[in-house]
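Here you get one chain, nothing else, as structure tokens; it is the form predicted on its own.
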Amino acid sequence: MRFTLKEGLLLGAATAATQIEGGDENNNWARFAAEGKVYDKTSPTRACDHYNRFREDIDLMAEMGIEIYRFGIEWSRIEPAEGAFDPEVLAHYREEIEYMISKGIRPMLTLHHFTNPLWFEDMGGFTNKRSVEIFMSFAERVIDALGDLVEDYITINEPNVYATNSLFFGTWPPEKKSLVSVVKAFSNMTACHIRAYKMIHEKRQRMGKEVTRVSFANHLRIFEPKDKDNSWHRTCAKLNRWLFQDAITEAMMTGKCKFPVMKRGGVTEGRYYDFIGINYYSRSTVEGIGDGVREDCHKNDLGWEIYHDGLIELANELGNRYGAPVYVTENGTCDNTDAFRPLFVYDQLKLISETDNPIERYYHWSFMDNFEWREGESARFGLVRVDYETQTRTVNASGKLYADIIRNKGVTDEAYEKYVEGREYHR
């Protein structure tokens, strides 16, 4: 064996509803694409047609041995107009969850993953003072309909990425550039998470369910000064980290709110997490306010640095600080030809398994290629390749390696030679 998985580590995959389902035109990203603002002019209305093909995709997961699956539901399908909930859509998601459970796959349900119904988006989304009340109405209806089936929940995915891209840099819908809007969104999303955390526990307890795990998926990265001897670079690294991730982490997990997060919606201090959800992709090399990439480093096809040690650093730091197990709720890389993804999977899982860390679950992003937001269909993250024209699924070499790792609880010499040996990252 090249390495053995750490004891108890569960391996799975993650997706998001808008990125794979197709068919829904009632959300902000479908409209954004219709306006021609996605780089490759594709749209989530096509995506992977998963809404109709979920059995095929879950069968494929089961064949690969996927143990845990993080998936999303589409708010704009469930509540196409404010207060108008579609029971057929909720029944569809119930059928999907029951099917994955029947295949031995443990579900983790994500309530919000970047996408808003048009009616919610057009009232300002999470910048609206009513957004907490509106989100809670949606979340309660979902838990009433599906909560008896699912133990594991993500309330909100990457609130920092949502607010930064949509409301500060203006590269995502609604293309605003307003620090005031970021503060409003951060504050309201914090209240949404905390209230949803309490609600999910309360409802499942009334259902007689003994085990419930709730948290949020936080996009975390390493911020490193470009020149460690440069005081401005060091200051910017600390400032970027606080504004982008540390403040929102502290607020959503404990209710302790400091700028740029303000207390809203009756938030009180407490513990609002059962695990630490980390979405990890890269390291930022900082010389000002914003992102940056080291010179001459290994990069993926989007130009992000490949830095595996960062995941361990963050897992150890947050595990020690908050005293909870770490679930890697997303980790993967953009590799459009699957040239180095097998090496990526090998290196990251080897590090997790051979390093002392609190990581208990690993959800690879993504199970299959999908609509990758502003990049559209041009950026591929999947263990499974999708031909969008024919909707044919083909398991990549990385997916075959992943299945082999799950089956053998580690990487055998044979698997290494077949899937990993000879592959290299590019710069």
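When you see a residue number, it is the position in the sequence shown, counting from 1. What you see is a predicted model, and the numbers here were worked out from it, not measured in a lab.
The same protein also exists as the form predicted in complex with beta-D-glucopyranose; that form is not shown, yet it is the one meant from here on.
- For the marked spot (Phe216, Tyr273 and Arg361), a heavy atom within 4.5 Å of beta-D-glucopyranose in the predicted complex is absent from each of the three residues.
- Shown alone here, Glu330 lies within 4.5 Å of beta-D-glucopyranose in the predicted complex, counting heavy atoms only.
- Contact annotation: Phe381 falls within 4.5 Å of beta-D-glucopyranose in the predicted complex, judged by heavy atom distances.
- Remark: Lys184 does not count among the residues lining beta-D-glucopyranose in the predicted complex, judged by a heavy atom distance of 4.5 Å or less.
- beta-D-glucopyranose is not drawn, but in the predicted complex it has no heavy atom within 4.5 Å of Phe32.
- Of the candidate stretches 106 to 114, 255 to 263, 136 to 144, 191 to 199, only 106 to 114 contains residues with a heavy atom within 4.5 Å of beta-D-glucopyranose in the predicted complex.
- Interface residue among Glu96, Glu79, Asp335, Glu158 relative to beta-D-glucopyranose in the predicted complex, by the heavy atom within 4.5 Å criterion: Glu158.
- Screening Tyr307, Trp242, Phe169, Trp304 for any heavy atom within 4.5 Å of beta-D-glucopyranose in the predicted complex leaves a single hit, Trp304.
- Taking beta-D-glucopyranose as it sits in the predicted complex, the stretch 371 to 408 comes within 4.5 angstroms of it through a non-hydrogen atom at Glu372, Trp373, Phe381.
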